[in-house]
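Before any questions on binding or motion, here is one chain by itself as structure tokens, the form predicted alone.
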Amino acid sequence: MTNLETFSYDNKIVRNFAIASVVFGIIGMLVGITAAFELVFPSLNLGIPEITYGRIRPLHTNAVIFAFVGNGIFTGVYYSLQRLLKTRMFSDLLSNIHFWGWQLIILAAAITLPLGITSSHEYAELEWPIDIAIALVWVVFGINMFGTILKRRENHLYVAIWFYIATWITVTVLHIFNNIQMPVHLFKSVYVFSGVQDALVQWWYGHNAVAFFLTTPYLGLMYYFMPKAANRPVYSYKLSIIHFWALIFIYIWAGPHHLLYTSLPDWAQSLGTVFSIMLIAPSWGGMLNGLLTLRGVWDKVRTDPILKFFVVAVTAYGMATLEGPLLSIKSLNAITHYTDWTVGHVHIGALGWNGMLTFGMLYWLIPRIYGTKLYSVKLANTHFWIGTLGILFYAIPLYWAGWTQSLMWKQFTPDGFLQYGNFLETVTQILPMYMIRAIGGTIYFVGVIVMVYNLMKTAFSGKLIANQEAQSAPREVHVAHKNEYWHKWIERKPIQMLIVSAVLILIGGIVEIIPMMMIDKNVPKIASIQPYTPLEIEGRDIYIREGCVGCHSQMVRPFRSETERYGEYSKSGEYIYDRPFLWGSKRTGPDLHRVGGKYPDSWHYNHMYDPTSMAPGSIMPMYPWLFENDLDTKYTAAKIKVHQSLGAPYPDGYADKAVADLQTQAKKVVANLAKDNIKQEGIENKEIVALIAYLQRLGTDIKVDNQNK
């Protein structure tokens, strides 16, 4: 008779991550709702810099992705990993370091992003000290996870654990490679890569942050919690094998589909398109594997809110992973990119896939770790229908808005002129959709509050089983059998699985990124392109600080509608000194790559002070602090030195006279303003002058006809 070993599961760490997920979910969603309403009513920021749309948008995305979803991942991983491996976590100390380290990182993000301390890379806006902290805490998580796997009592690694392993190694690679920067000071760094190369690296990271932070760990949670809730085995073991290996290999190639019709070389764009379309097969294989797990229990789905949440989550995953590849087809991308369609698409994944699966998991998990029953099944069902309604009210208006935007941008009159030459006409047309979207987000948030009440009542009715006792036979050395299925060998070998996963995800990155770094012809040189002046560098940093890239692109694509509206299409060689690149992913306002010289300095001055004075009906917020804040030139010389070390051809010793040159150029801007009767005491030292200098530089290094565009 086999002797059973007695041990305990650590439920306290699961509880802690669950609470953090809910608390930060509420905060992240409130910030998102605020941002949504500010797009309709920009004065809601009350003139406070820290809560303007441009600054709170990255706060919202980071809070939802890394605080709400991130803590949700760790909740599910810490619960399922212990039970799948029949052992306690490797180290309670590492578990607690991971928990508190992650929460401190979130707190640092919540402080720095509203202050405008940002590196501007989408989903990676945090500055270099926080990036280092993320890497260290992620390594702690990895050590704890692999330590647990190695001391397991269960020989085989269940499919959920495959996804956890692939998530850890891929996020490690993505985070490190996308954050290669040179610090200027504690709160400022400069990316090593520039322009087109920086864009490729960022969207290699950006797309795969979605793939390997918002998708693969949640697939692992799906493979554990959905069968548990349904009390059924996974539909197909073989399909889960195909799903896993195909997904992690193909996903890593798809990043360039975010850069179709840009200055990225065609070969890289084509690779992104081809592999994105291929993603349909493994993604839908996983979706079907999840839904078919419910075969025979569909009657239960009608009454069980947990299964309802899981069904909608997996369906949203299927819809998002079909839509993504379809939007990677160039003809469709030409319509949807830079529009609100993309925002709707992303939120089907975030609200539907991540949100609903997290809610279902919490409803299943909290009663079990508190040794009680769910307080109210009726309230959980109410939450389900409110959440589903909120998703529909959120996404459908944005699809409508996106299609409307694109049609208006591209519409010509019979005489060959742009039908809507004033970009603002395309903005005011979709304000009702923005309003409905904000209402939809609010409805979804109300559902979350219902859940919080339900789960709190559940917890109060029981008591946390901090150390849940369990028994299991000790792990035995497995001897392979002759007719054993081929995949079994790797299921017993976590280090081999880690290595094979790393090799598969590195192949795509190497093939796409290395040629962009090593082959000069991918970024043809343009002799007239010069690095930014000190004043323009400071202005660019202000542009980044205020989050202008959240509403404005800097990429004129080679469409007649865009060249007629903005001017000559953008060339890859124009961006060689852009660190970071600022191509953007959405146009709430017009593209700015050719805005230099289009308007006088006084226009920009008035537009930043009160946008409606230059564009009646504008939803752009006012920036009065730019006229009050003195320009900080303390680190101007240091910035010049860093850019110079990265290849910017400034003369030797130029850093020493950079501030003097900055002041000379500032006086020229002030003189231009004076010609239009704009006089402000001490204006030559204000931030607005630097921003004007930067905007007037954009797109002017090559000679194009920018008149009447």
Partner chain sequence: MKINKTISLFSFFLLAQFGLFGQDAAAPAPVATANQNLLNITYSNFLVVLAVLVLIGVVLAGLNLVYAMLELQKFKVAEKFGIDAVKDESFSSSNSLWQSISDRLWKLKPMDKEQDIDLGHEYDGIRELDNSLPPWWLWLFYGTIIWGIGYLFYYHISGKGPDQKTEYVAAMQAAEEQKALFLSTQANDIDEKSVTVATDEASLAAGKEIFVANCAVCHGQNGEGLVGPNMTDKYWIHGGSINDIFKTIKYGVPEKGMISWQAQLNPKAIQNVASYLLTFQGTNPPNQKASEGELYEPAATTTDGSVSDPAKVESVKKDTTVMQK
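Residue numbers count along the first chain shown, from 1. Here the structure is a predicted model, which is why all the values come from computation and not from measurement.
Keep in mind that the form predicted together with the partner chain is missing from the display, and what follows is about it.
S.K.: For the three residues 262, 329 and 560, which mark the spot I'm curious about, does each lie within 4.5 Å of the partner chain in the predicted bound form through at least one heavy atom?
M.R.: Spot residues vs the partner chain: full contact, yes.
S.K.: Can you pick out, from 457, 300, 488, 151, the residue that has a heavy atom within 4.5 Å of the partner chain in the predicted bound form?
M.R.: By the 4.5 Å criterion, the partner-contacting residue is 488.
S.K.: Would you mind picking the one in 385, 609, 100, 237 that has a heavy atom within 4.5 Å of the partner chain in the predicted bound form?
M.R.: Contact check passes for 237.
S.K.: Although the partner chain is absent from this view, report whether residue 469 comes within 4.5 Å of it in the predicted bound form, heavy atoms only.
M.R.: Contact with the partner chain, no.
S.K.: How about residue 112 - does it come within 4.5 Å of the partner chain in the predicted bound form, if we only consider non-hydrogen atoms?
M.R.: Because no heavy atom of residue 112 falls inside 4.5 Å of the partner chain in the predicted bound form, the answer is no.
S.K.: Just to confirm, residue 83 within 4.5 Å of the partner chain in the predicted bound form by heavy atoms?
M.R.: Judged by the heavy-atom cut-off of 4.5 Å, residue 83 is in contact with the partner chain in the predicted bound form.
S.K.: So in the predicted bound form, does any heavy atom of residue 588 sit within 4.5 Å of the partner chain?
M.R.: Flag for residue 588 set to no.
S.K.: Among 277-285, 633-641, 426-434, 371-379, which stretch has residues whose heavy atoms lie within 4.5 Å of the partner chain in the predicted bound form?
M.R.: It is the stretch 277-285.
S.K.: Could you list the residues in 213-238 that come within 4.5 Å of the partner chain in the predicted bound form, counting only heavy atoms and keeping sequence order?
M.R.: Heavy-atom contacts within 4.5 Å come from 223, 224, 227, 228, 232, 233, 234, 235, 236, 237, 238.
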